[in-house]
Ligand SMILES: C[S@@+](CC[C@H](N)C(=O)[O-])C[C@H]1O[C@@H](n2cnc3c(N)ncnc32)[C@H](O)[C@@H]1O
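The chain below stands alone, shown as structure tokens; this is the form predicted alone.
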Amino acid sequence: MSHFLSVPDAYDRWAASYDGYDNPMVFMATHAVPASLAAVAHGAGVFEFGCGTGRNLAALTALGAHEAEGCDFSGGMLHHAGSHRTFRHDMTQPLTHPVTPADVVLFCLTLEHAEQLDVPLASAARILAPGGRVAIFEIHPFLSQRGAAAHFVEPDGTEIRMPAYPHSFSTFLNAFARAGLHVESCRKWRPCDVADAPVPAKVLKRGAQMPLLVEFILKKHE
């Protein structure tokens, strides 16, 4: 049996088990985010769109971020976000909440829920501190365009799905340009790139060389 819910309703139901759920994309992101951002996190102010339970904010704080703040559309996810400064916000709407300019603005497994990327990227560019970076970690377009998307299965076997929109590389690049952002670096993340932990069999089901995530590091045009 499968249920289709709105994004906040789905994540409200997922919130209590999210951090312990056996999800290949979350596993990859858990290792990719700190590995890629370690060099820029120390002493940085961080803001995350779609911060969920605060797992990335906690990881970047452990790497030396002096301030970590975020927003999420799901009140249930924010309930588990600990002591980090967070607020409820739909990133597909313009950001009006006061936010301290951030050295690192993060999107992690969230932009798939935005049909149009212009508003969240414009918000990110607006709060980016001079010299700062926007970091994006999303399901690799090769997979998302073949149907890979956020979902989970409840203990009774019910599959929960939610709105998700596959974005191609050209969609990303054109949206970056419209937001006044340019790509500083881009890389793929494969199971074989995880060197600091055993890789679960579920993560390896497409093969160790299959790109699961794409990472973009962006800077604002001067």
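Bear in mind the structure is a predicted one, so any value in this text is a computation, not a measurement. Position 1 is the first residue in the sequence shown; the rest follow in order.
One more form of this protein should be noted, the form predicted together with the named molecule, which is absent from this view; the next part is about it.
J.: Does at least one non-hydrogen atom of Ala68 fall within 4.5 angstroms of the named molecule in the model of the complex?
T.: Looking in the model of the complex, residue contacts with the named molecule do not include Ala68, since no heavy atom lies within 4.5 Å.
J.: Contact with the named molecule in the model of the complex for Met77, defined as at least one heavy atom pair within 4.5 Å: yes or no?
T.: Residue-level check for Met77: yes, a contact with the named molecule.
J.: At the 4.5 Å heavy atom threshold, is Thr92 in contact with the named molecule in the model of the complex?
T.: Residue-level check for Thr92: yes, a contact with the named molecule.
J.: So in the model of the complex, does Thr110 come within 4.5 Å of the named molecule, heavy atom to heavy atom?
T.: Looking in the model of the complex, residue contacts with the named molecule include Thr110, since a heavy atom lies within 4.5 Å.
J.: Counting only heavy atoms and a 4.5 Å cutoff, which of 127-135, 140-148, 68-76, 96-104 contacts the named molecule in the model of the complex?
T.: Heavy atoms within 4.5 Å of the named molecule in the model of the complex occur in 68-76.
J.: Suppose contact means any heavy atom within 4.5 Å; which members of 37-53 contact the named molecule in the model of the complex?
T.: Glu48, Gly50, Cys51, Gly52, in sequence order.
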